[in-house]
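As a starting point, one isolated chain is supplied in structure tokens, in the form predicted alone.
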Amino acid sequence: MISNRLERCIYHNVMLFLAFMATVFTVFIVVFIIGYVLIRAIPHVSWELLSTKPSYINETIGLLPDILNTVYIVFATLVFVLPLGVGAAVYLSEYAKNIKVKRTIEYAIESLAGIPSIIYGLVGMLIFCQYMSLKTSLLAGALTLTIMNLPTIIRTTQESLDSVPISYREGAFGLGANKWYTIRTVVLPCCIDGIVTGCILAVGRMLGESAALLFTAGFAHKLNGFIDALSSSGSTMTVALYVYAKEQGRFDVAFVIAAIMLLMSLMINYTAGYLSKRIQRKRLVK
């Protein structure tokens, strides 16, 4: 009896120690990567580098076009992917009655999530750039990223919709609400966290994507407004990082771009979390 209790105690302490070490190792990797990037980037950061465009005549480098192009393509992609992804998730969770059709669609979505990004870039180049005559542009890149991120938005939203208790829907129906009104005013507000989570994951993939955008968005360092930028070729920060590090050997600029991307990811995560909490607070007040 005492021996069994001692074995359980040892087993518990060993597993607790291993879990703690795994946590410490994970935190160490994250802190090391962020610290290493910032240490390599901070000495080379300057206002001129961040606020100007490249000049081949003066042989200067500027990252402002790449930063703006990244913001443009993320915004344009969210405009396309959010309605499509949330709408598809609502259909699969609330309206799809045929189990076979639903499973077929879900299998197609899972298959879409496993396709390598380079294939998305090739197909996007052939369909959007050539067949639809969009040429190499940020709009073609945004449409390609929309298809790439649809599975993420659909799956996270669908899981959130399925987690809403059925009693909420029955209560709304009992008060005389129709199905769409119930979904819009009861179900969707309850799963706002899942939608925000899907957006964060999608934006993270957009910021880190380079292979697909090399084929569709191009790598021109142009400084344009939003409308003009969508119809012209433009380099995002990941593409610029590849060009400066791999083709030009400017690792100082590459680390500055990496630091900017890290800060943008942190800002997006914080903003999404803040908006989610604010929406939930307003819903509770109502």
Partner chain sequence: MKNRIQQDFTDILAKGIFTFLGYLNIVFVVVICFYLIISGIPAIFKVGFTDFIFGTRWASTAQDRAFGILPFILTSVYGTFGALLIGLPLGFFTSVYLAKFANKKVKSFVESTVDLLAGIPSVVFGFIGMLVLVPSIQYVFDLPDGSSLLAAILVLSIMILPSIIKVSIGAIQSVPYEYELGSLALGANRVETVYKVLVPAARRGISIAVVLGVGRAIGEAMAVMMVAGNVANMPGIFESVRFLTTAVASEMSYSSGLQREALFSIALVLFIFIMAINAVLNLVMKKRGKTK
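Only a predicted model underlies this, so the values are computations on that prediction, with no experimental measurement involved. Numbering follows the first chain given and starts at 1.
Not on display, but discussed next: the form predicted in complex with its partner chain.
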Segment that reaches its partner chain in the model of the complex - one of 67 to 75, 84 to 92, 189 to 197, 134 to 142, heavy atoms within 4.5 Å: 84 to 92
Answer option from Val203, Val164, Ala172, Ile147, heavy atom within 4.5 Å of its partner chain in the model of the complex: Ile147
Thr185, heavy atom within 4.5 angstroms of its partner chain in the model of the complex: no
Contact test in the model of the complex: Ile154 vs its partner chain, heavy atoms, 4.5 Å: yes
4.5 angstroms heavy atom contact with its partner chain in the model of the complex for Leu275: no
4.5 Å heavy atom contact, Ile57 to its partner chain in the model of the complex: no
Its partner chain in the model of the complex - contacting residues of 227 to 246, heavy atom within 4.5 Å: Thr238, Leu241, Tyr242, Ala245, Lys246
